[in-house]
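Next up: a single chain in structure tokens, the form predicted on its own.
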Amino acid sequence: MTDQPFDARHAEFERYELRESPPYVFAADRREFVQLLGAGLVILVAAKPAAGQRRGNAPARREESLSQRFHLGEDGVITVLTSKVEVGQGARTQITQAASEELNLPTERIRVIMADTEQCPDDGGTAGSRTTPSTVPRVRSAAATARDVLIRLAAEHLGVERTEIKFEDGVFRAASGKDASLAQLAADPNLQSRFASQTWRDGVEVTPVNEWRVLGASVPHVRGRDTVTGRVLYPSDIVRPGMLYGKVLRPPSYGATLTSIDLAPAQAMPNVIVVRDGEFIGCAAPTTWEANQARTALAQHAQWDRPRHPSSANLFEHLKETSEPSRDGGRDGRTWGDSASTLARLEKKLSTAYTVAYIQHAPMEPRAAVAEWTEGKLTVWTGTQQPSRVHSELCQSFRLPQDRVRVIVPDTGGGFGGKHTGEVAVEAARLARSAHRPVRLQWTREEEFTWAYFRPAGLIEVQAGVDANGAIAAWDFTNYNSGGSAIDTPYQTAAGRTRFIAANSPLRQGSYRALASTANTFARESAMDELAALAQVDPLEFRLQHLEEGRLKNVLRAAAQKFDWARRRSNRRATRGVGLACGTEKGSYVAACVEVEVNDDAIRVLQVCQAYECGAIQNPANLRAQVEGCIIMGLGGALYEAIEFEDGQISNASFSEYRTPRMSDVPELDIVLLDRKDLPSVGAGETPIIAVAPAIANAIDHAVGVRSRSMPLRLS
């Protein structure tokens, strides 16, 4: 394996980014139809969204004016504009640091407006760990350009040469003693307009890493105090004058179609507005209780046709039976050597399968939106990781031009890849259009667990073997359904094949933190331990023997050294064991060592020691928080979380039935951050999750000799 650049190795970072049409395409009302028809022939065509909109990727870079990125305030504060979203990962603080570094301004003199489609340039959605490697450099280039332009304007303002000006803490000082503040420049309309008209492109020289003053420091979250004191408004906190509350009638099971419904009982309720538009049926009322009563009445008078649906009990058989190697979206991966004939000759070989369940993102805040129509213009406040995509969905659903739709995304209570679509925004907007008043729609936890998409389930088959020297001679790895990210092995093998094969998923599936790299790393790293046992080699040594020198090997050594692997592996205690795993994804590298205790059917993780490297570290405290968050979230997928379904219904659609990690489950965490100032910074919100499950699985096997090949892990 070589340390290739991120973009070269991970071009498909969002394979399971949902590429669906909008959830509803509503019928035109009479007035709209007449406006569309006019006095001629109308040919209606359902246009597909552009590929970039469907994926939520940033558009092609273009020249921008500084006014598209910055606003100079007469209070001396510079506002930075970006389409990125704050979902708890610290992007607001990181972008503040980036601007502060290049503008020579303290962070308190920087304000960031995020995710407003009417104000902000489109930097793409918040996905694929792209804020750090893509948006931060762009903000830094723009800020460096802005600094130089401001210095030039200040020199003109003071009547001195540009080279005489020093700019720091918002004040321009000339060698002659003259000075001017940023606020003074902002108050001059001529200077303000000249600043706004300046253009810039990527690639402007920025502050070198070894000269960082703000980047590289543990700057606290810029809204930290407001967050913990409850002053920050989330999507579910938005209130508009005269606002109503909405509810939507959902099918009783997946794939169910409505055969008949009587709207009259709900329509007869006072203060209730009932809407039916094609497949969409909903209601709005002055309180959530009244809206829920109306929805109950609708459900009681609805008849449905419910088709057969697979269950979680036969999920993996279903995925294998419905796999389609040639299906669009699948790929064969790569092949080297002749693994089939090599395997046939080997005596020590492994042939097994690993399974990964569907799991939910389980954000603290379910989907929520407030929609308001004003003189034919639609404004929606919602929680999404893809403002531009939701904007596009609203335009398509209501056949509106782009300038008649505005999407505003307040800081949002969690996403983890689960809020890339805009169905709640579309639903709220449809209710608001009929009500002629703003409408808030917030999904219940049961709706979030049932109708939001899931992390893809997967079946992964591995056939591999070692030769007489203990080297991996053949490696065959096939992933059904869960995806191709991190599917290629970093270990040296003489022959092999990796494949991803799409299948007919019985549940709606989409992006999740680290996507399929968690599943693929779980299967690969579990298989590596099984091969090490066949070769009768220590699992750490076995990996080191098969890795080239480089970043992955470095984090593996760092974790093992900090954990004291050699001593703890050889001094195994009854019911306790240690395990390790490593991997790479999104351009960063991780290795984890864990200790577990197994009593009867109970698995308890006692310690996780994890080494992580993502290039030059921009905020050590925030990075540590991201790594810790990934580890804890990884415990859920490793030990507890699995969506159960039967007859087209989710049977554990609540936190009382769906187990997520609790404070009492959190083990001792020992984090080693490798700061590579010689390498570009990349994102850290995903990769630290991928080594958790396989390290635990390997530790369980070391403790009690039981090999669990499923996520979540089971002892029997």
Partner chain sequence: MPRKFVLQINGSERTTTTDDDRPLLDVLREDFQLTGAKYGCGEGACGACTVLVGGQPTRSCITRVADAEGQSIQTIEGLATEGRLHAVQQAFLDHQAMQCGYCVPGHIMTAVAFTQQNPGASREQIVAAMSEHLCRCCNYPNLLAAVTSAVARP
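Numbering follows the first chain given and starts at 1. For clarity, every value in this text was computed on a predicted model and none was experimentally measured.
In what follows, reference is made to the form predicted together with the partner chain, a form of this protein that is not presented.
Chemist: Counting non-hydrogen atoms within 4.5 angstroms of the partner chain in the predicted complex, say which of Gln492, Thr79, Thr227, Ser181 makes the cut.
Modeler: By the 4.5 Å heavy-atom cutoff, the listed residue in contact is Thr227.
Chemist: Work out which of Pro410, Pro137, Pro251, Pro366 lies within 4.5 Å of the partner chain in the predicted complex, going by heavy atoms.
Modeler: Exactly one residue meets the criterion: Pro366.
Chemist: Is it the case that Ser651, even though its partner is missing from this view, gets within 4.5 Å of the partner chain in the predicted complex, heavy atoms only?
Modeler: Ser651: no, not in contact with the partner chain in the predicted complex.
Chemist: Applying a 4.5 Å heavy atom distance criterion, does Val232 contact the partner chain in the predicted complex?
Modeler: Close contact exists here: in the predicted complex, Val232 approaches the partner chain to within 4.5 Å, heavy atoms only.
Chemist: Can you work out whether Glu372 and the partner chain are in contact in the predicted complex, taking contact to mean some heavy atom pair no more than 4.5 Å apart?
Modeler: Taking the distances in the predicted complex, the answer for Glu372 is no, it never comes within 4.5 Å of the partner chain.
Chemist: Just to confirm, Ala602 within 4.5 Å of the partner chain in the predicted complex by heavy atoms?
Modeler: Result no; Ala602 lies far from the partner chain in the predicted complex.
Chemist: Just one of 169-177, 624-632, 315-323, 537-545 has heavy atoms within 4.5 Å of the partner chain in the predicted complex; which?
Modeler: Going through the listed ranges, the match is 624-632.
Chemist: Taking the partner chain as it sits in the predicted complex, which residues of 424-461 have a non-hydrogen atom within 4.5 Å of it? Please list them.
Modeler: Residues within 4.5 Å: Arg440, Gln442, Trp443, Thr444, Arg445.
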